[in-house]
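Consider the single chain below, provided in structure tokens and representing the form predicted alone.
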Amino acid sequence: MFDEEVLRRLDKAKREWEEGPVQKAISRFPERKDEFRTLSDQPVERLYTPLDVQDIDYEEDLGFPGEYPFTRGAQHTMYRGRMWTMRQYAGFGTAEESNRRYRYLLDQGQTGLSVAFDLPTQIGYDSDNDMSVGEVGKVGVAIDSVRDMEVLFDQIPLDQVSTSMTINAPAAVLLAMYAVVAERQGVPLETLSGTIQNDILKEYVARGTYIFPPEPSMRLITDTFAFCAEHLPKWNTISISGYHMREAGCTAPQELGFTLANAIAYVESALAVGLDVDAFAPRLSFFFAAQSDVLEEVAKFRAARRMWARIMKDRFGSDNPRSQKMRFHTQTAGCTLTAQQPDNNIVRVALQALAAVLGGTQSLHTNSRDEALALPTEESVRIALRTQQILAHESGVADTVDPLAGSYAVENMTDAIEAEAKAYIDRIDEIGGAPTAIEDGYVQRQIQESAFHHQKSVESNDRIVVGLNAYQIDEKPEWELLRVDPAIEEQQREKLERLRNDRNNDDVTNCLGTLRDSARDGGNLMEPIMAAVRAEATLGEICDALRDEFGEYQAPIIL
């Protein structure tokens, strides 16, 4: 991009600047630190110039928005044509309560739904299971059957709203429930749009809501790929998630490296069962965290798009630009929220949301100020949503595409993050791929070491967290926190009892038997799951049928 003679003159001028004016300034006003580093512990130079980006080939490395390698954005006009989807993650208590929250958010200008399920739902237990005691409705909404799902989306036309569901091990079951609700609404399946997270590999690494061992879990995922390619062409069949690994403590380059290694494993698994890459890859989506180091996060998002485009083209031979185009949802970083001085979290979230928008996200959730203390109140979620709306309509950052492109600092960071993330992918390939690296504990150990290093830096005050290890005040908390009524558990039990009395239990038994047979003989599991849902089998009954055939995963001890 730059003439060699120009670069030589610039190098000489920069050295003279550093040895002269800079040293004179430092002698009078010493710099705050001996070394500046990003949140991911990458060095930050005092100044970036064309010398730091001299190897960039504009067309090969950056290109134009909406064109390979998509560094500058997934869409040609980005937010000038359509704003990112404002998709607030929400759900608690019963389906009735969550439905009221969804309709409130839609009334306030939210443009997509994102469902949080309670812990029993996430691990495939009904609310009346002994394993569910004390957890029903606590961290999300309790969904035991298609009847709960109908209530959850009551008065919400599924052909007019896109829905993201943060569900993994039983993702196929919840997708089937959603599809059956659409059928009952008279909505054709081919019109449904949304996403199931459906990313089991990161569950083994960082989150823990797994049920089955890796092999049958991967089978369930590829079965949803095939089913949706035929019946739900607008549905994103997986949201390959770096968010939870970042929340567990990994760095930005690790977030990319581990997420893309998992994505490679999913593609390879689908190819192994005979699916065509360009038949399913356009519906793969991603999910990343946005932390507070704005420039590093922008660089990470840009590097992610470029890396995925090259992986799909060079590694998997995809000819379809839609397969090469990374689309991702972003959530601001829950791990950065503090219980101390919670209003400070509004500022943190605003910075993180800005980074996501500057980085070109397709969808965004902004955390609420009180989430370090409890599930968010209605007032808090409104502030979080308003943060996105102010960014969209008042900040100007949505008016031009990839506004930080060409910044010497951002382009240098983009290259550096890509190089480090690629090194992690290469190492995982050497181990034998993501599933093997996870079983070996390699990924978990890397995350643990990064988390430990970060915690040490906070405890030593090398890294300042405002209100936590600096600028503290005496506080008398007077917050009105959202509390989930423990009576919800009994309500769900009563609903289940009515369901089992009302339905045709012979149909349920037959459908569950068919599901077990399909699990045993290797057929696609989505159709028998759909049939069981239509017969009003519960989530727990369906998952138990699969447990009978697949068993349960036992995590190895990682030291």
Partner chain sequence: MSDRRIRVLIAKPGLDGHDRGAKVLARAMRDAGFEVIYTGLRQSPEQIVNAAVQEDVDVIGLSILSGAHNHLFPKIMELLEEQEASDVLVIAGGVIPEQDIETLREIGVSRVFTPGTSTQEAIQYIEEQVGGSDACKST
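Numbering follows the first chain given and starts at 1. Source: prediction; values computed, not measured.
One more form of this protein exists, namely the form predicted in complex with its partner chain; it is left out here, but the text below deals with it.
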State the residue from 271, 431, 481, 106 whose non-hydrogen atoms include one within 4.5 Å of its partner chain in the predicted complex.
481
Going by heavy atom distances of 4.5 angstroms or less, which of 321, 233, 213, 208 would be at the interface with its partner chain in the predicted complex?
208
Heavy atom to heavy atom, is residue 558 within 4.5 Å of its partner chain in the predicted complex?
yes
Is residue 378 a contact residue for its partner chain in the predicted complex, using a 4.5 Å heavy atom cut-off?
no
Is residue 112 close to its partner chain in the predicted complex, meaning a heavy atom pair under 4.5 Å apart or at it?
no
Consider residue 411 of the chain shown here, and say whether it contacts its partner chain in the predicted complex, taking contact as heavy atoms within 4.5 Å.
no
Is every one of 201, 316 and 436 in contact with its partner chain in the predicted complex, taking contact as a heavy atom within 4.5 Å?
no
So which stretch, 75-83, 368-376, 275-283, 349-357, is the one near its partner chain in the predicted complex (non-hydrogen atoms, 4.5 Å)?
368-376
Heavy atoms within 4.5 Å of its partner chain in the predicted complex is the criterion; list the residues of 95-128 that meet it.
119, 120, 123, 125
